[in-house]
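For reference, the chain that follows is the form predicted on its own, supplied as C-alpha cells.
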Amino acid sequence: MLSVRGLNTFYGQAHILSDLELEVARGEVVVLLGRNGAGKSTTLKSVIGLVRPVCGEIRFHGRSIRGLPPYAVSRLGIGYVPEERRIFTELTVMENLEVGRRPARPGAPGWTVDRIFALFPNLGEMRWRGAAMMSGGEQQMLAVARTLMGNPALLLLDEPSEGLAPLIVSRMAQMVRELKSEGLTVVLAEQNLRFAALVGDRAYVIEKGRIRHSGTMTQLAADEPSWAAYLAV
C-alpha cells in the first residue's frame, strides 16, 4: 500500500531523514520506533506532504505522491493524526466530526457517526461538549475519530500514547487493534515499546534519520541489544 524509497528530508540545513526506506502492506499495523528527535514525525509529515523531501520516492497504491500538498494526499485516502492533536477546541465533538466528514471510498472502511461512537463510547456520551472542555485522552480520541470520518485507507498516527495515563493508553491500544480488524492499515510513530508491542505487526527502528532495524514486532521485542541501543533512555 505504501512504499518509501531513498527519502531525504531537510529542515533548513539540518539533514533529518537520510535515504529512509520502508514498506507497508494492506491491513498491517506498522510501528516506527525511536527516541525523541530520531525522525519519526518527520517521516509521517513527509508522507502526508507537510514537509517536502528533497529526493526519494513515496508511493501510495503504486502512485507517486511525493511533492503533493497535504489536501491532495488526504483526498487519495491517507489520514493523519498529528502529535499535537489540533482539534477545533471552539467546536463541539459533533462539529469536529462533521468537519472531517468525507464520502466513502472503495477499498476503505466506511465510518459514520454511529460507528465512531461505537468505537469511542466516551465520545458518544459527550457529543455536544465543547472540545476545549475535554481531557487530553478524550481530545486524542476525538482527533482520531475526526480523521476516521474522512474514510481513509491508511491512517498515520503520530505518538498516540504520548502524555496519556496508563488506562487511556490501554484504550488507545484496543482502538488500534479494532481499527485493524475493520481492515484499516495503520502506521504509527512511537517511542513506547510496550504500547508498540500491543498493537504492531512489524516495526522499523529509526535513529538519526536512518532505519537501523526492521522486522516483526515479536522479533524486536526479543532483540534486547537492538531496543536497548536505539530505544532505551
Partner chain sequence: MGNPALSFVAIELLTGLATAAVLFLVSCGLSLIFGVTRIVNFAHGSFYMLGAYIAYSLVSRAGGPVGFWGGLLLASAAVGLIGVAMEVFVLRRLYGGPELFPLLATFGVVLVVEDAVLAIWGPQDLLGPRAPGLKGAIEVFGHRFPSYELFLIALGVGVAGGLWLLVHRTRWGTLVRAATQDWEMVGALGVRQATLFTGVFFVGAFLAGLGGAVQLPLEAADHQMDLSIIIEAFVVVVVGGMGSIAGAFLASVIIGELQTFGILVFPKLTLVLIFVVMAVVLVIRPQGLLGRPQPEAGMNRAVEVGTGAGFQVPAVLLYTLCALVLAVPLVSGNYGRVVLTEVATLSLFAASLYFMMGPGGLVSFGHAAYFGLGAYGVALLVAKLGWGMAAALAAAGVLAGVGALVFGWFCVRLSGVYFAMLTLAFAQMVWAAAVQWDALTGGDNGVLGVWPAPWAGNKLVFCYLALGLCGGCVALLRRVLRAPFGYTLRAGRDSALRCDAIGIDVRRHQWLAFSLAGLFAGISGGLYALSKGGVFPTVMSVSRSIDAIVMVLLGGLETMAGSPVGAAVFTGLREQIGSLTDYWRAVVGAIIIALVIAFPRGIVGFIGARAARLAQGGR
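Numbering follows the first chain given and starts at 1. None of these values were measured; they are calculated from a predicted model.
There is another form of the same protein, the form predicted in complex with its partner chain; it is not shown, and what comes next is about it.
Peer 1: With heavy atoms only and a cut-off of 4.5 Å, decide whether residue 138 touches its partner chain in the model of the complex.
Peer 2: Taking the distances in the model of the complex, the answer for residue 138 is no, it never comes within 4.5 Å of its partner chain.
Peer 1: Please run the contact check for residue 91 against its partner chain in the model of the complex: heavy atoms, 4.5 angstroms, yes or no?
Peer 2: Contact check for residue 91: yes, within 4.5 Å of its partner chain in the model of the complex.
Peer 1: Residue 95 versus its partner chain, in the model of the complex: is there a non-hydrogen atom within 4.5 Å?
Peer 2: Yes, residue 95 sits close enough to its partner chain in the model of the complex that at least one of its heavy atoms falls within 4.5 Å.
Peer 1: Would residue 50 sit within 4.5 Å of its partner chain in the model of the complex, counting heavy atoms only?
Peer 2: Close contact exists here: in the model of the complex, residue 50 approaches its partner chain to within 4.5 Å, heavy atoms only.
Peer 1: So which stretch, 65-73, 190-198, 177-185, 203-211, is the one near its partner chain in the model of the complex (non-hydrogen atoms, 4.5 Å)?
Peer 2: Within 4.5 Å of the partner lies stretch 65-73.
Peer 1: Tell me, which of 99, 104, 133, 118 has a heavy atom within 4.5 angstroms of its partner chain in the model of the complex?
Peer 2: When its partner chain is considered in the model of the complex, the option within 4.5 Å is 99.
Peer 1: From first to last in sequence, which residues of 130-165 have any non-hydrogen atom within 4.5 angstroms of its partner chain in the model of the complex?
Peer 2: In sequence order, 146, 147 come within 4.5 Å of the partner.
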